[in-house]
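Only one chain is shown below, in structure tokens, and it's the form predicted alone.
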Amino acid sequence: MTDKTEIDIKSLLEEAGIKPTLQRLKIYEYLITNKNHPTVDKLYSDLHDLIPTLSKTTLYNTLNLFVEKKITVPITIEMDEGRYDADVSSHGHFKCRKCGAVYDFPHIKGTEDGELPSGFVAERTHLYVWGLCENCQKNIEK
């Protein structure tokens, strides 16, 4: 992590009202650096060597805090698999049914606002799409 990235993350956490501990800095850095929409198990596996004192409880608590402070969004593409994304902008997620990778994509035109009943206001939308990613599709065609 560069000093500038560390300063930017520290500032972002502070602006969100989050005390920037080493564990929180590293967890958020991972989320913004690795666009892999990790599960808690993936985060733990990838960060445990870097932060030996890291526990899954700390990860869950930190991710819940990030979600509460709106700097991370939970992604539930599969009901038994919670993932996290530091990109809180409005976008969709595509999960490849073969390799399991999750990709971001812009909302398909018209899905952001949709037709809501009068008096309803959307605060957040989620669009999940399942199928084959480009790489897996190429491998099937061979």
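It should be emphasised that the depicted structure is a prediction, and the values quoted were computed from it without experimental measurement. Note that residue numbering begins at 1 and tracks the sequence as displayed.
Not on display, but discussed next: the form predicted together with the DNA.
Visitor: May I ask you to choose, among C99, L50, I32, V40, the residue with a heavy atom within 4.5 Å of the DNA in the model of the complex?
Guide: Checked against the cut-off, the match is V40.
Visitor: Give me the residue from T76, T58, N36, S90 that has a heavy atom within 4.5 Å of the DNA in the model of the complex.
Guide: When the DNA is considered in the model of the complex, the option within 4.5 Å is T58.
Visitor: Is T21 part of the interface with the DNA in the model of the complex - any heavy atom within 4.5 Å?
Guide: Yes, contact at 4.5 Å.
Visitor: Is L54 part of the interface with the DNA in the model of the complex - any heavy atom within 4.5 Å?
Guide: Because a heavy atom of L54 falls inside 4.5 Å of the DNA in the model of the complex, the answer is yes.
Visitor: Taking the DNA as it sits in the model of the complex, is P106 near enough to touch it, meaning that at least one heavy atom pair lies within 4.5 angstroms?
Guide: P106: no, not in contact with the DNA in the model of the complex.
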